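Just the one chain here, the form predicted alone, laid out as structure tokens.
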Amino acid sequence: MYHKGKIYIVTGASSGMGKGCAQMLLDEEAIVCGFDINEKTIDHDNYNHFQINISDEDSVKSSMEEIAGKYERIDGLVNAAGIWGNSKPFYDIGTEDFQRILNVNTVGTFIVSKYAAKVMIPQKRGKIVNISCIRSRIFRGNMADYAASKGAIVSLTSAMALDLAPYNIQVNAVAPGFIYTGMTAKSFDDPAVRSQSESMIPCGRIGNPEDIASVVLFLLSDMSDYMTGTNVFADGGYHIQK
């Protein structure tokens, strides 16, 4: 097991892809510290829950200091916390609503990564995995706010990778495609929507959180030491369609 005994932080750990990553790491006998604005949903001896808003810098800073003080290191970070956009044309989105999406999806990732990096740099090792999205590259209407937040994650990943390369810290992103989570269940539980979506995926099915977690765990492992600044698509081949 590549992750046994290692210390990981996973944001968005109470649901969806974040929870999938946290649970798979726990299965690998890692110690996981979950950040989520919602209450704890994982019951495991090696799981520590921090109910915080990742866009609140003071809360993130104090939580990170607590983790570093207790474990004296952080081996990896998964930035999986995110919220959906307002589902409106960009010209109908209020500025405050637009900023709310970026504050969670982009600024939150920046804040958590900044304080994790401050622990990792003296160690001269570490892994950071950001969750981007196919919508960072493949667009449809009424998602300017969400697409902007996830496109920023891809650029942020590359910039972070360059800044942290001298310290042997690798930073990569995973771009999920159509994944069945609590946030997407309402759409994919509609047989017509599910069938239409699956018809566009070469692999022929909607993904699940474990499909993303498997890629994340690879990027957190020593097997990915020569990868940094990449955005790996995990979408069943959706992005190679016309």
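Since the structure is predicted, the reported quantities are computational estimates derived from the model, not experimental observations. From 1 onward, residues are counted along the sequence shown.
Only in words, not in the display: the form predicted in complex with a small molecule, which the text now covers.
The small molecule is not shown here, and in the model of the complex it never comes within 4.5 Å of any heavy atom of Lys127. At least one heavy atom of Asn38 is located within 4.5 Å of the small molecule in the model of the complex.
The closest heavy atom approach of Ser15 to the small molecule in the model of the complex falls within 4.5 Å. Although the partner is absent here, Ala80 sits close enough that one of its heavy atoms falls within 4.5 Å of the small molecule in the model of the complex. Only one of Ser59, Thr181, Ser197, Asn46 lies close to the small molecule in the model of the complex, with a heavy atom inside 4.5 Å, and it is Thr181. Proximity to the small molecule in the model of the complex, defined as a heavy atom within 4.5 Å, singles out one entry of Val215, Ile52, Ala68, Ile201, which is Ile52. Judged by heavy atoms within 4.5 Å of the small molecule in the model of the complex, the contact stretch among the candidates 160-168, 115-123, 68-76, 142-150 is 142-150.
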